[in-house]
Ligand code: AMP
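Shown next as structure tokens: one chain only, the form predicted alone.
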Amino acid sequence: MYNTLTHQKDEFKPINESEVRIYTCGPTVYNYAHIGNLRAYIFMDTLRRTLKYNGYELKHVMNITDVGHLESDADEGEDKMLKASKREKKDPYEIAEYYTKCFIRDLDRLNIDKPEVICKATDNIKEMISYVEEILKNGYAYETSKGIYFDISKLDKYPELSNRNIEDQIAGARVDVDPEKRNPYDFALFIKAPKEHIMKWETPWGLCYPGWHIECSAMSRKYLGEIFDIHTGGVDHIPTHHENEIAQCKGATGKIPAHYWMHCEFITVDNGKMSKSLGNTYTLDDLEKRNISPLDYKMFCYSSHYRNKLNFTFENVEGAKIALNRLKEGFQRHLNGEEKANPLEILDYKNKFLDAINDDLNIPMAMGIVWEVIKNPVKSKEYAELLLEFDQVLGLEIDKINKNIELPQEIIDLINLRKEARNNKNWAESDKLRDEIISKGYTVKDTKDDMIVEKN
């Protein structure tokens, strides 16, 4: 797997052969997750499923940030939870509970294999306080009138993950956030809360709320120990959030918390940036209004490696929808087949699939093997069983017929008659039957091997 810490592909060697320990940065639950957010959790799902496919047991932790994430990673701006609270005129705890449920629902709709532990920041304030006390005791932090700050000048190396030239950036960094900071890149561990701030807790430094970065350090240690195997997140976490997690852990324990750091790339939309101002931060609900299912979107994500940018267009995701339907139809043809598969061919398919997923989760290459099986002219239940085995990694539910529609028998009969006409190259009859299906309120899309019929 590609390790951001070493800037190269490293062979995976778990700390404990019997159990792989993973930490994933979860969402800040102040709004609905958009498709860019969800790509990172599809990547998380692929990692989980690949490790399980290789025989590992998992202890995987994902946090829910329900407090303390300012609009800027640089300790400035409004708290996202409080901003949502004002926007929706609700208590921030209500906001957090509602959007947490929406996020978990999105994971279910994408058939994402959820972590063993999903923990909320607000349930772990005591652990965060203890963690900061250790950092202060070790001389890596200091107090100002505005908060407790980590002193990056005390580290032997900063940053660890990115190739930033910190000296150049410090020279031009903003210092007006807190003039008491010793260094512009020192970051908040706890922020002293103004009177009107709703989410605040008693701490040794007065009423405060935690900084974003300390949440993950405290919860990963609580559930996984000081050192664990893998830390995942999006590439946007590399330059600030994950750098600061490492800094905090070195300040408290002298150790880098994870051996492998894995990051998923951004999604662009129509080759441009995804942003609320452009109105293109699509959610799964937005896609479903266009008759694109969550698993169609998951299939679309498999068209590119997780470390490559992925360009979203509705044309591209429609192509993924057609491909997923073809995949399900191909599975059914094998499931209904009566021929005998070649056992050596099955072994070859298995080995190539395993090689692909074990090469830094190369799902596009693995999908190539899946299509080889689908297109095998020998139609065999053994190939169907093999495809189901591969779907343990893909999570596409290829054995389930499209849930969006249940075709009435009348339409099924017309489809079968049209298939017969097409097989006999009776194009006039095929066109007549297509028009009849359309007249009854359905769309008909012809593919290379078959047709897709959907309710309007």
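Numbers follow the displayed sequence, beginning with 1. Being a predicted model, the structure only gives us computed values, none of them experimental.
The discussion below concerns the form predicted in complex with the ligand, not included here.
Chemist: Applying a 4.5 Å heavy atom distance criterion, does Thr46 contact the ligand in the model of the complex?
Modeler: Result no; Thr46 lies far from the ligand in the model of the complex.
Chemist: Given that the ligand is not shown alongside this chain, does Asn37 nevertheless sit within 4.5 Å of it in the model of the complex, heavy atom to heavy atom?
Modeler: The answer is yes: Asn37 has a heavy atom within 4.5 Å of the ligand.
Chemist: Though only this chain appears here, would Glu318 touch the ligand in the model of the complex if you measure heavy atom gaps against 4.5 Å?
Modeler: Answer no; every heavy atom of Glu318 is more than 4.5 Å from the ligand in the model of the complex.
Chemist: Check Trp201 for me: does it contact the ligand in the model of the complex (non-hydrogen atoms, 4.5 angstroms)?
Modeler: No, Trp201 stays farther than 4.5 Å from the ligand in the model of the complex.
Chemist: Choose from 265-273, 86-94, 244-252, 288-296 the stretch whose residues reach within 4.5 Å of the ligand in the model of the complex, heavy atoms counted.
Modeler: Heavy atoms within 4.5 Å of the ligand in the model of the complex occur in 265-273.
Chemist: Looking at Gly147, Gly233, Gly330, Pro257 here, can you tell me which has any non-hydrogen atom within 4.5 angstroms of the ligand in the model of the complex?
Modeler: The option sitting close enough to the partner is Gly233.
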